[in-house]
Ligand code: AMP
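Take a look at this one chain, the form predicted alone, written out in C-alpha cells.
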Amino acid sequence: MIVTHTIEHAREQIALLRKKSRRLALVPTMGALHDGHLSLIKLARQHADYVVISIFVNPEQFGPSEDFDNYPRNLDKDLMKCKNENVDLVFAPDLFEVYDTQHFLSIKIDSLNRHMCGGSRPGFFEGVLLIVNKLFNIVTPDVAVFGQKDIQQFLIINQMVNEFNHKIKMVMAPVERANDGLALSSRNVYLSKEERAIAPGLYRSLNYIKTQVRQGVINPSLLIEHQKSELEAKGFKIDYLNVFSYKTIEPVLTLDKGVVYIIAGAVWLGKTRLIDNILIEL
C-alpha cells in the first residue's frame, strides 16, 4: 500500500497506476474509519482495479461553532484498516498541502442546499464541493464512491460531476448500520452509553413513516409531526424530519406514484448530531 502526503507524490503514483490502463476508484473520507467506510472500500473494489482513499479533515465544511478541532483523528489506525482492505493508495495531506493561506475562488450552490443539512449548516456543502473538486482533480478517478447516509452530499456532488463535466461514475453505497439500526458514523463516538441506547430511535421513526406511506398515506405532515413529538419525548432535539424529493431535495406535501422520495432526519442527542435517511419509491 502506498501512503502519500503531497499532491505531487500522489499524482506521480497515480500516473504509474494509470500506465497499466486500469480503472481507479476514489473513496473520499475524513478518517476515523469504521465499518461504514470499509463497506465503501469493498464496493469501490467491485467497480475498479485500484482503490484510492483520501483521509483529510476538511476545515471548509465546518462552521465556527462545530467540532473541527475535536473531530476524531487516528491516522495510524486508519492506515492499518486500509491495509487490511488492500487499498492501493492512501492520500493523507496536511492542511497547508490542500489549501493556500488565502484563496479567492469558491463554489456557489443554487437551491439544492436550501433544506436538509444545507438548511441548518450554511456553507457546509460549498466546503464539501471545494474539497471534492480538488480531490477529483488530483486523483482523476474513474469511479467515486460515497455513502447513502450523507445522501444530500451525494446528490450535490453528483450534480457537480454533471455540470463540471467530470468524467467520473458516481456510486452510492447503502447505509451501513449497527445491529440495532443506528447508522454508522465517526461522530457516534461522542455518544454516552445512555445516548447510544436511545440513538436508534431516529431510524425507527424513519421506518415508521416509510411503513405508513407504503400503507397509503399520501399527505405525511401530521404523521411527521407525531414522530417529531415522539422523538422529542425520548430526549432528541429535532433539526429536521421530513419527506423530500430525490430530484430537488425539497420537502414535499403530497406523494405521487412512480416518484422517488427521501425520508430523512437530523437530530441532536446531547452534543451529538445524528443523520439518517431511507429511500422510497411509490
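Note that residue numbering follows the sequence shown and begins at 1. What you see is a predicted model, and the numbers here were worked out from it, not measured in a lab.
One more form of this protein should be noted, the form predicted in complex with the named molecule, which is absent from this view; the next part is about it.
- Contact with the named molecule in the predicted complex, judged as any non-hydrogen atom within 4.5 angstroms, is confined among 249 to 257, 214 to 222, 236 to 244, 34 to 42 to 34 to 42.
- Listed residues Asp150, Glu195, Asp88, Glu85 were compared with the named molecule in the predicted complex; Asp150 is the one with a heavy atom within 4.5 Å.
- Exactly one listed residue, out of Phe146, Tyr203, Phe136, Tyr190, brings a non-hydrogen atom to within 4.5 Å of the named molecule in the predicted complex: Phe146.
- In the predicted complex, at least one heavy atom of Glu176 sits within 4.5 Å of a heavy atom of the named molecule.
- Not displayed here, the named molecule is kept clear of Val132 by more than 4.5 Å at the level of heavy atoms in the predicted complex.
- Ile209 falls outside the set of residues with a heavy atom inside 4.5 Å of the named molecule in the predicted complex.
- Contact check for Met30: a non-hydrogen atom falls within 4.5 Å of the named molecule in the predicted complex.
- Contacts between 46 to 73 and the named molecule, taken as any heavy atom within 4.5 Å in the predicted complex, involve only Tyr71.
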